[in-house]
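Given next are two forms of a protein chain, the same chain in both, each as structure tokens and marked structure 1 or structure 2.
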Structure 1
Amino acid sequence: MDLFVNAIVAGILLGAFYAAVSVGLSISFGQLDIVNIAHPAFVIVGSYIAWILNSRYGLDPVLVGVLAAPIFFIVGALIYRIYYAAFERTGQESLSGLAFFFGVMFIIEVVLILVYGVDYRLVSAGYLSKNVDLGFVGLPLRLVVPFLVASAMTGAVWLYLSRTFTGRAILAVAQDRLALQLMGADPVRIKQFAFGLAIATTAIAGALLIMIGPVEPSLGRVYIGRAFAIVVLGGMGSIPGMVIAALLIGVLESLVSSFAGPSWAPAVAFGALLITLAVRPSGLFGRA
């Protein structure tokens, strides 16, 4: 029973972190229709930046994530520029655009391997080894801190999209591009901004990833399935739906790895994705 409660609590903490990894993809894939397979690769880059600054200067990983986010934003905006000019304008995003992001993902992974090798990397911070005891269950801070930061970031993105003028413009570009153009707004600029925002979230998500556990360059591949499963399951671009899907996947994975062994955990998200695609492609909360 104790094991069960522990697994569920750990699953919820992990699920909130999965939401932080997926929130950017929910914007780029769910809202903008840009199938950014390289999204998890940027998360890994975020982890490596946190590792470098943490091991050299002892900076706190969360702080590094927040500081790196603006740089990631600019990189994301630049990538969208290239993507727009090469594929979206010519209507080739379905084949060449997909292959483009696949290539970007592959290049990021290979460059990380070439420069830093395939060793697992860790960050250290005083609080990461401590526990919070809630009586019935002990919570490691290395899961609690990412849970709090992830929830704050996901919540902030959701508030931004639903309350602010630019945020609503991003939702509008997803719904009706032409209408937006007739209102005098430039859809390309809004998409560029939104894609930058999506990539910026990976800087923080990456810092959280390396706090939870050690990171190596090819770890991103497992997160491709997780993040896409969560976005599709959540109903493509609905952020509350995405959060519920992330918690669901987190708890399921945690249960599977406590009761069937950790080597089966990666199959959970992918299995969920395949079943969702086959049975209800509009997701749990999408309109059918």
Structure 2
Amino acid sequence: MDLFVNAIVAGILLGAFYAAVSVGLSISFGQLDIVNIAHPAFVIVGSYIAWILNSRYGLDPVLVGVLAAPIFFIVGALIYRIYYAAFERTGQESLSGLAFFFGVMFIIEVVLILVYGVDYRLVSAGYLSKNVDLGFVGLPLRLVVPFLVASAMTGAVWLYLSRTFTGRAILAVAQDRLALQLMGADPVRIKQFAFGLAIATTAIAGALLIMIGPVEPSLGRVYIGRAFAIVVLGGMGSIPGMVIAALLIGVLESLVSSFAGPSWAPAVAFGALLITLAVRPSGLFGRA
């Protein structure tokens, strides 16, 4: 029973981090219909930036992620302009756009390998090695702090999308482009802003990732299938559904790792995705 409860708690903490990784993809893929398979690669870039500034200047990883987010936003906005001019404007975004983001992912991974090698990198902070014990439940701060930061970031993104004009315009741009234009909004600018916001979240998610465990350039591949599975499982573009799906995947992976072995954990996300597509293809909450 002790092992079971600790696995559940660890799964919830891990699930919140999965939500932080997936929230940007829920915007770009779930709401803008942009299949950005390079999304986890940007998370890894965020991890390396956190590692560089932490190892050289002793900056806290969370602070680095927050400071890097505006830069990631600008990069995301520029990438969307290239994507729009080359593919979306000409109606070639389906296959050619997918190849474009595959190329972006490949370039990021190769550059990181050439510059920093394939060694695992890890950040240091005084609180990362400490635990908080609540009876027989152990709460490692290396999971608790990412849980709190991930919850705050995901909640802030959801509030922005649901409470502001720009946020509601992002939700509307994939549903009724003409109606959005009649309201005086430029769909291209709205999508550019939304894609920049999606990439900005990867800066913070990357900082949280390297707090949880060591990172190397190809680690992003592990999160491609997991992040897409969470977005589809929760319902395309639904932030609350994505959060519930992330927590579900986190708990299931933790239980499987504890009782069946870590090698079985990666299959959880794909298994849950296949079951969901067979029983409820629209996901837990349907499309936003």
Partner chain sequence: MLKTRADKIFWAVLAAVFLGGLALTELVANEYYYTAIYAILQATIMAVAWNILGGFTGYVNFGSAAFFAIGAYTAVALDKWLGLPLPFLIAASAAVCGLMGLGVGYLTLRLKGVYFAIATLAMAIVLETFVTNWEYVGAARGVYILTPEKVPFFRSYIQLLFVVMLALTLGSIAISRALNSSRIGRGLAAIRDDEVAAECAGVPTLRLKLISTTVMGAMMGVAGAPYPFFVTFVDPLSAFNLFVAVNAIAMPMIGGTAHWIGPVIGALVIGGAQEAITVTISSELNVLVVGLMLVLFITLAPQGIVGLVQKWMKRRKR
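Because the structure is a prediction, the values reported are computed rather than measured. Throughout, residue numbering runs from 1 along the sequence of structure 1. Rigid core: the largest C-alpha set superposing within 1.5 Å between the two forms.
Annotation: structure 2 represents the form predicted on its own, while structure 1 represents the other form.
With the core held fixed, the Cα of I12 is displaced between the two structures by less than 2 Å. Structural comparison between the two structures after rigid-core fitting shows the C-alpha of F270 displaced 2.4 Å.
CA movement of V279 between the two structures equals 4.4 Å, with the two forms superposed on the rigid core.
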